[in-house]
Ligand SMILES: Nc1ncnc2c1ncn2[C@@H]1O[C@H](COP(=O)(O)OP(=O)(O)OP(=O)(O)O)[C@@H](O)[C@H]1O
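As a starting point, one isolated chain is supplied in structure tokens, in the form predicted alone.
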Amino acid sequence: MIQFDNVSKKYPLGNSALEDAAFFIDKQEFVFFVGPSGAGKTTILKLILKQINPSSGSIFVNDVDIADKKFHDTLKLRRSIGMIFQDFKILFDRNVFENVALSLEIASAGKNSIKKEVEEALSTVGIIDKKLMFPVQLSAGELQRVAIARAIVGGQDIILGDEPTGNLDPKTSWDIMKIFKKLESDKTILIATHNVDIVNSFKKRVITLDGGKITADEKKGGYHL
């Protein structure tokens, strides 16, 4: 599903964000990436989404090496991946329905299809009753639910979360993580996080990074401080 084969990322000034990272993530696997700030967690997510390119190594997504110079299907790749950010990335001039529908509209989906898929996604995250509200009317937790709905609408099979609970209080964080748990039956989910309690409670695979290097990779692991 997703494979990193000795992937490194170095920037022009010489600082290394990732060094010889190697791992394989199977279909419908749930994985936490943990480690201190600057460890390389976000770099891995950006590489999968092809927001940046590696300095060396190969990155396979669904058996295609997206790091190959001959790879030119970036738009198709990104349409197969749902991305959730710490700061939501919601458009404040559009209501909830319009925010979630945007990617389908860009893909030229039909109106009936958009309505059906958006309402299904909003029901999944528990805010179908908020579909005509604008972001300013929502709590932080509700905004993150909108972001998750936007990430899953259209049937993306890979979901990436970059500190998705970073701006939320503890109770709301748990509510959001319950949504991810509900999604794991048919999605491959990768979450970069600092939330020790959530990582330790979920007992999922944990890949630990420090200084751009993978220092541990444990099935049913924990957050080791």
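Everything numeric in this text was worked out from a predicted model, so none of it was measured. From 1 onward, residues are counted along the sequence shown.
Just so you know, the form predicted in complex with this ligand exists too; it's not on screen, but the next bit is about it.
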Location of this ligand contact in the predicted complex, chosen stretch of 195 to 203, 66 to 74, 29 to 37, 167 to 175 [non-hydrogen atom, 4.5 Å] = 29 to 37
Do Ile214 and this ligand share at least one heavy atom pair within 4.5 Å in the predicted complex?
-> no
Any of the heavy atoms of Thr188 lying within 4.5 Å of this ligand in the predicted complex?
-> no
Does this ligand come within 4.5 Å of any heavy atom of Thr42 in the predicted complex?
-> yes
Classify Ala17 as contacting or not contacting this ligand in the predicted complex by the rule of any non-hydrogen atom within 4.5 angstroms, answering yes or no.
-> yes
